[in-house]
Ligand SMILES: C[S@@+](CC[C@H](N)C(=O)[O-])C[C@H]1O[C@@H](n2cnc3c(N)ncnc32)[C@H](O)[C@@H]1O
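Just one chain is shown here, as structure tokens, and it is the form predicted on its own.
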Amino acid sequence: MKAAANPVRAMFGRIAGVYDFLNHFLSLGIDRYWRRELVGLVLWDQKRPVLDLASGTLDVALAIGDRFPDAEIAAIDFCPEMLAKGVPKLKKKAGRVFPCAGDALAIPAKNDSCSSLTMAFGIRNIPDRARAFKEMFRVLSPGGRACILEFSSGRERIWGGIYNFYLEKILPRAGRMVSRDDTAYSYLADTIRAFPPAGTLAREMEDAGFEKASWRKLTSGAVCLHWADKPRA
């Protein structure tokens, strides 16, 4: 399927050139800390690769490589333009991080083939989360872990409503000014507002077969770490 046939994929392709800058700018640099916390949840069994879904410009994949220097990391994203922006970061690490265009709804990996998987700020963009969680469950080995970093639900009042005001008024305007894309950061705010609370996401993961679904809020609840394990055989 061509990128233009999917409007969300096409949108990410348009903003790929400013994506990293806006991540750091709009989060005041705190996104680096969030990614470190995500990677801290990863389990690696030294026999199977780690999978990074919605890998974007490869920052999470590279952080996994820093923590596990001998691990192989498959970095999958549905937007080739995003992956292309991340490739220059690989340098000498190209033999360990393997970028690949692919969809989280049909992960190009064998059953039970990955020791852990990560997804940072991607699950919010998937309309069929139940199918995505079943795919994650399929590719993880028994005992493997799914680790997800996502903005907290915009349905919750955070910082006395300041966070909600930021989503509603500041984020779309700042994103539009820098990216010169009229829709991208309005879309971001809309998907955060529509995203379910942490407990709902945990139940969705357990419905897909995961166990021990847990979550931890960061930065006063602005973002949330979710993780769950595939039961051992």
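Keep in mind the model is a prediction, meaning the values are calculated, not measured. Residues carry their position along the shown sequence, with the first being 1.
Here the subject shifts to the form predicted in complex with the ligand, a form of this protein not shown in this document.
Remark: none of the three candidate residues (116, 133 and 210) comes within 4.5 Å of the ligand in the model of the complex, counting heavy atoms only.
In the model of the complex, the ligand lies within 4.5 Å of some heavy atom of residue 104.
Residue contact with the ligand in the model of the complex: residue 109 places no heavy atom within 4.5 Å of it.
Within this chain, residue 54 lines the site of the ligand in the model of the complex, having a heavy atom no more than 4.5 Å away. Shown alone here, residue 141 lies farther than 4.5 Å from the ligand in the model of the complex, counting heavy atoms only.
In the model of the complex, the ligand lies within 4.5 angstroms of at least one heavy atom of each of the following residues of 49-85: 54, 55, 56, 60, 77, 78, 79, 82, in sequence order.
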